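Next up: just one chain, as structure tokens, the form predicted on its own.
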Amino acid sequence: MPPSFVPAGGLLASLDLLQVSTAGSLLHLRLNRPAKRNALSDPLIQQLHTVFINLPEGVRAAVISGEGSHFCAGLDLSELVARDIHSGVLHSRMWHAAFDALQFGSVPVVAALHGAVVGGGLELAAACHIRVADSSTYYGLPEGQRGIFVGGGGSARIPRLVGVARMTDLMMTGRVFDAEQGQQVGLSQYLVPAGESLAKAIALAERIAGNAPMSNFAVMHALPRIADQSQSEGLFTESLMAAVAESTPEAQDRLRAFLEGRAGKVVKGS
């Protein structure tokens, strides 16, 4: 039975560009600018940041989706104004801070994708830990045709998913990947029929929320940093993180349950 979400209270209830709701240990954040195809304005980015630094107590996993026919069609180009270099750098760093709060925050985030996942929308999706696409999803990076460059962390995150050559192709030629192509190149980890990405994302978030919090934290924070380190440094970091994770009381309880036959084994299809 799917969880029943209720609107979040307090500060999160005041955010007008997002719909934020909770169900037990889950939080659902829905981009709420359907008339603009959920284009990312500065106020929306600031509200995203607000959510991830003010998560309600007890939340252990989050889902991001988009209201209407699209997940997110990218930067709200109507907000582009003439900026000097200094203000342009600060603007990009504001986006970086928001997406860093998501990727390197306190809980794993699952993105439910449909329709357009374009430009800044793809940068947002790339900051999430798990991406579920439905068959209506398509991906693009039209910055090259707009005379601009990615500024929301895309140049650091998207090549880690698809490689530099594919990102170069998307940006230079305006190529668009459909849902199946996106799945093949690594933009999504799951591909489901149209209209089913949110249900799948919530089911995955429920499963993730049941993990030991320190294990989730290690995957979120240590794994991407280890990937950036040399093998020697990465192995040492791994040893430290493994020691931290296995020493927590919850890990000890879970290991004991497995050894005593009170926890399920890994089986095919699980």
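The structure presented is a predicted model; accordingly, all values stated were derived computationally and were not measured. Counting begins at 1, following the sequence as shown.
Below: the form predicted together with a small molecule, not depicted.
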For the chain seen here without its partner, which of 239-247, 221-229, 199-207, 33-41 has a heavy atom within 4.5 Å of the small molecule in the predicted complex?
33-41
Are all three of H129, A133 and Q189 close to the small molecule in the predicted complex, meaning a heavy atom of each within 4.5 Å?
no
Can you pick the one in V109, L170, A179, L75 that has a heavy atom within 4.5 Å of the small molecule in the predicted complex?
L75
Does H28 reach the small molecule in the predicted complex, with heavy atoms at most 4.5 Å apart?
no
Taking heavy atoms and a 4.5 Å cut-off, does F149 contact the small molecule in the predicted complex?
yes
Is the gap between P142 and the small molecule in the predicted complex 4.5 Å or less for some heavy atom pair?
yes
Residue-level question: is V118 within 4.5 Å of the small molecule in the predicted complex, judged on heavy atoms?
yes
